[in-house]
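Heads up, the chain below is alone and in the form predicted on its own; it's given as C-alpha cells.
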Amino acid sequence: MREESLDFLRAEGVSAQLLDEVLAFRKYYKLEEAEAARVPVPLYPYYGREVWEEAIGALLAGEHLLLTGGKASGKNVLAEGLAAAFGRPLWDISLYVNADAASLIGTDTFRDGEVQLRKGPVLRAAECGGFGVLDEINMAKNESLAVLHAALDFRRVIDIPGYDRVQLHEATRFIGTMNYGYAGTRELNEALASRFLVIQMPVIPEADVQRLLLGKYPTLRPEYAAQFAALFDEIRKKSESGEITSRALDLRGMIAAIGMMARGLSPVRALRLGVVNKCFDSYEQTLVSDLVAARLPESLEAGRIFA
C-alpha cells in the first residue's frame, strides 16, 4: 500500500490539494535505502475521509498527533496508514507502566571494547525522519515521558546525557494513541498533551465494518458480511450501555474468526473462539452467545457464507 495508499485516499475523496502536498513531501524527503523495509504496507485500510484530512493536514503542518477513542476505533490502523501514505519508516513504541527514558531514547552498551549508545526507537525515528507511534501513551509514567517534551515542541531536539544533542529530522513525526478507562491508564500530563494536536476517533460505522470484511475476504457473501457487521455493532452498543465489558468488542477477533470459517470451521464455533470467549465472565459469555445465535444458526456451515 505504499503507492496504492494514495490511490485509496483519492477513492475515499480526500482533498486533492492535501494529497498533492503529501506527494511533494515524499519527493522532498528521500528515503534511506536501509530504512525502506520499515515503511509499512497496511493490512487493513482506515475508512473516514474527514479523519484522514485532519490527520494529514496536521502532519503536513509539522505537528504531532494524539489519537484518542474507544476500543476498535482504528487508532493504530490510521497511524500505520499515515506512515504508508507519507512513505516514512515506522517505529511502534509500546508504552507501559514500567517504560523509562532509557527504553525510549537508548542505553549504554559495551561494544568493541568501549561504551556505546544502543539507540532506542524514539531516537532512531528522530534521526532518520521516521514516524514513531507512541502506543497507549497514557499507560507510561509522566516522568518517563518528560524526555519527549523538547522533542515534541518547537525545539525538536533530544538531549542525551553524556552524548550529543540530537536535532530531529525535519520529516520526523510522533503519533500517540490512547484509550480512557483501561486498567493501568492515567490522566495524560497537561504539558505533554499540549504538544499534540488531538483527533477524537469516531466509532467505526456498521457500513465501514462491512467494507473492511469484504476487502479482507472478497469471497464472503455480502449478506453474511452485513450480519457480521451488525453483530459487531450490537456488541458495541451493549458495551457502551454497560451491559457487558469491552472484551468482546474485538474487531481483530471477528476478522480472525472469519479467517477460520474460510478454512472450514463452523461460523458459531469460530465466533466462540474469536469473540465470545474473550469474555471471561459466564454471564457476559451468555449475552454475547445469544447475540451470535440470533443472527447465525448453530447448524450454519462455513461453506454457505462464501461464494
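Start at 1 with the first residue shown and count on from there. All of these numbers come straight from a predicted model, not from anything done at the bench.
Below, we refer to the form predicted together with a small molecule, which is not included among the displayed structures.
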query: All of Asp100, Asn142 and Asn189 within 4.5 Å of the small molecule in the predicted bound form, heavy atom check; finding: no
query: In the predicted bound form, the residue from Leu90, Leu168, Leu104, Val77 that sits within 4.5 Å of the small molecule by heavy atoms; finding: Val77
query: Proximity to the small molecule in the predicted bound form, single hit among Leu231, Leu148, Leu123, Ala72 (heavy atom within 4.5 Å); finding: Ala72
query: Asn179 within 4.5 Å of the small molecule in the predicted bound form, heavy atoms; finding: yes
query: Exercise: Pro45 in contact with the small molecule in the predicted bound form, heavy atom 4.5 Å; finding: yes
query: Non-hydrogen atom contact Ala257 with the small molecule in the predicted bound form at 4.5 angstroms; finding: no
query: Contact of Leu220 with the small molecule in the predicted bound form (heavy atom, 4.5 Å); finding: no
query: Stretch in contact in the predicted bound form with the small molecule, which is absent here, among 104 to 112, 212 to 220, 160 to 168, 90 to 98 (heavy atoms within 4.5 Å); finding: 212 to 220
